[in-house]
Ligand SMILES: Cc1cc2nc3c(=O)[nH]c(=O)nc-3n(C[C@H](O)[C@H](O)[C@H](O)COP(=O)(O)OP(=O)(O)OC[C@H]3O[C@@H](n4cnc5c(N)ncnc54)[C@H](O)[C@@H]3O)c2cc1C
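Just one chain follows, in the form predicted alone, and it is written as structure tokens.
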């Protein structure tokens, strides 16, 4: 294989970008990651890693590095936010690992990124450059040439493929005819509290800390689960909100969240007041209908391709899946990049679309009120947990192609 045909440029050192680099390097490619920020700060909060993602992390040698900081929850529990009554639960833990062949984990986003970076740092075929942004790309007969901006100094790098893993406000996506992301009309409020803090102890009076709990209410839903090896609790509330522009996060008066939680149980309202500081994140979406590829050698992965709302808890998992499928397709058709990228897009679109539909269903269910909420609760009460588990086989039981 010629050196140029082995070179891949990845824009973005987030979860999707780092996983893509590892998946390609494991198949013999030489990968250069360019991250526009000068340092990889501890940003974000918790995330859920279902078996469809953790089996890929295990295959790439990342899962063992993550396990000490992750938690394997025993169940997902749905509760009424007004009464705190449990509506249903379905088991995870050892049962999930046995059924789907990999664990269901919850972790802090920074802990997953640290595990990925540790694995990347040990791989001889991956280099990572910080403070370096991919500003432009030229597609030609032999591949691509990317323009890299390092504090105003522009250099070029040629390769067979450019992967845009630079998030919802992707520069790489913007190089084509694809427009900007769209604000979903929802705001995510995020915080992490120490388990032994006042807020942590307040939460433990409401619900157990060894499960993922979703509190449902027409104007807000609140998700809670352990992170940092169980030493902290991740809290995410989602409400209606106003657009903030293209910003990752902003500290906002928690009274706004408190207003959205009117009608919730007093214990939850007090928890929201105590669990400061809350940071608000505008939830943007990228419409799935636009191209994820340019046949000459550009592919988008993760949020750059299909940013979605978090209602299916699959944002990180879809980026990890993208990485594995892209690497498989490119390795299978090393001499025909256009065909490889077409295979990638064709394989991923239907699955991502189904996940988006599942998220929309969850949003409708969790925010139901009145007669719809009554019907929901009746259905959940008579539906066996085994049936709920089976309904997720298509999602959690998915396996990335090997080879």
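Numbering follows the first chain given and starts at 1. A quick note: this is a predicted structure, and the numbers were derived from the prediction, not measured.
Below: the form predicted together with the ligand, not depicted.
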If we test each of 328, 228, 186, 190 for a heavy atom within 4.5 Å of the ligand in the predicted bound form, the one that passes is 190
Residue within 4.5 Å of the ligand in the predicted bound form by heavy atom, from 78, 316, 222, 272, is 316
Counting only non-hydrogen atoms, the one stretch of 129-137, 152-160, 328-336, 81-89 within 4.5 angstroms of the ligand in the predicted bound form is 129-137
| query | in the predicted bound form, does residue 310 have a heavy atom within 4.5 Å of the ligand? | reply | yes
Notebook entry, point to check: Could you tell me if residue 16 has a non-hydrogen atom within 4.5 Å of the ligand in the predicted bound form?
Noted result: yes
Is it the case that residue 11, even though its partner is missing from this view, gets within 4.5 Å of the ligand in the predicted bound form, heavy atoms only?
yes
Open item on the list: At 4.5 Å between heavy atoms, is residue 297 in contact with the ligand in the predicted bound form?
Closed with: no
Of the residues spanning 336-369, the ones with some heavy atom within 4.5 Å of the ligand in the predicted bound form are none
